[in-house]
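There is one chain below, alone, in structure tokens, taken in the form predicted alone.
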Amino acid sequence: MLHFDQLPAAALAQRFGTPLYVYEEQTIRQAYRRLRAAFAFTDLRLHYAMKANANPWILRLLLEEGAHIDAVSAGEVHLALAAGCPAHRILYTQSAASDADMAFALQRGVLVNAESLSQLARLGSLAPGSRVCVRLNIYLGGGHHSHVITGGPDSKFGIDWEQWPQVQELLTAKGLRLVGLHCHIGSGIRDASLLAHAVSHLFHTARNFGPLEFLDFGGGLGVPYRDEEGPLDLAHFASLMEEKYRAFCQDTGTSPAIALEPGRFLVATAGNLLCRVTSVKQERKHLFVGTDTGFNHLVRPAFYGSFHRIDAVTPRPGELRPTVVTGNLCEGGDLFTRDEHGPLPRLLPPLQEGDLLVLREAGAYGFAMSSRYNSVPLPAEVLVDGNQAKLIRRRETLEDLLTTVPTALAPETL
């Protein structure tokens, strides 16, 4: 029988119901410690990219480990502060940020990372003389899918690195003090050489500016989702990065802090979506096994064609059969065993209605990207440590669907 840490999955399903997100606390802590230990930098700041999973309980345990926070919205700034993160350990980087968004962060003492010349100018008008970080598009991109590439000519993110003279002019004109430079090329990258190439480019561009407090190389550190995939070679990446850092420090006579923004790397493998089989039907072409969850709870397969390992909690004896595992939404694309082109059957043991399944590696961009589509409430989340399970988000009810709707629907008057 399948366990999460020391607790049987079936016992968790009985106690908390399904669908249920289950996270293993020690897996998250160990991932953070492994990443921190890989680098020899005196001042290394690991900004957890909380868009991967913003549950405040997970934020708290990473803050206990020493993490900083990468926040990409006013809401994430709010959650990070509520979880106990000091404002000075938050870097706020929002695409197309409004003046109201920036003012929210500035009023709370959070450093803004400007990603356009327009934003930099507006920030100078809002808070002349303030400290600022600048995000550059270094024209290098990568990632597990085209949707997650955040650098290069087709990317909406960052200021073209060749516009660094305009950046300097705005900093001077608006009286802003540049304290950091930032880049981020994409998500789910397991190629150490590609990541190191981005590092080289930011070091090169940083030479055009004066002394900086830090250089932030973004996130994108990938994890394997398939058994045949290898992990990112952390030791190799760290070695390449440290070599380039030593050369930069020697050339410039400065020694800025180094920042990385891991998200998926810290939480993906720690999370699992536990669900129950609700339908088994053999059609002309496929054996469809339906569940009590859907892409409203885990959108990655439908959105990216992403692969998640699927295990039966208590496998039944019998020959493995090609199976298409589906969700319960009124959408043809609501399939968990698929690629970008459609159904992709998975060899699974015989399944019956009532059986429990686990969708693996769902800790990153799982609940964080969930929705109430089809008016289906959101699932609960549980954090497991040893033989203890803590409810860290209650299951929504049907009544919760009405919480933001006025009880009396009246025409709005201006």
Ligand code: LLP
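We number the residues from 1 along the sequence you see. No experiment lies behind these values; they were computed from the predicted model shown.
Below, we turn to the form predicted together with this ligand, even though it does not appear here.
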Sort through 383-391, 36-44, 361-369, 60-68 and report the only stretch with a non-hydrogen atom within 4.5 Å of this ligand in the predicted bound form. 361-369
Which one, Leu176, Leu221, Val134, Ala259, lies within 4.5 Å of this ligand in the predicted bound form by heavy atoms? Leu221
This ligand in the predicted bound form has a heavy atom of only one listed residue within 4.5 Å, and of Phe104, Tyr304, Phe214, Phe288 that residue is Tyr304
Any of the heavy atoms of Gly188 lying within 4.5 Å of this ligand in the predicted bound form? yes
Contact between Pro343 and this ligand in the predicted bound form at 4.5 Å, heavy atoms? no
Contact test in the predicted bound form: Gly180 vs this ligand, heavy atoms, 4.5 Å: no
So in the predicted bound form, does any heavy atom of Arg29 sit within 4.5 Å of this ligand? no
Looking in the predicted bound form, is this ligand within 4.5 angstroms of a heavy atom from every one of His144, His184 and Gly263? yes
Near this ligand in the predicted bound form, with a heavy atom at 4.5 Å or closer, the residues from 75-99 are Thr93
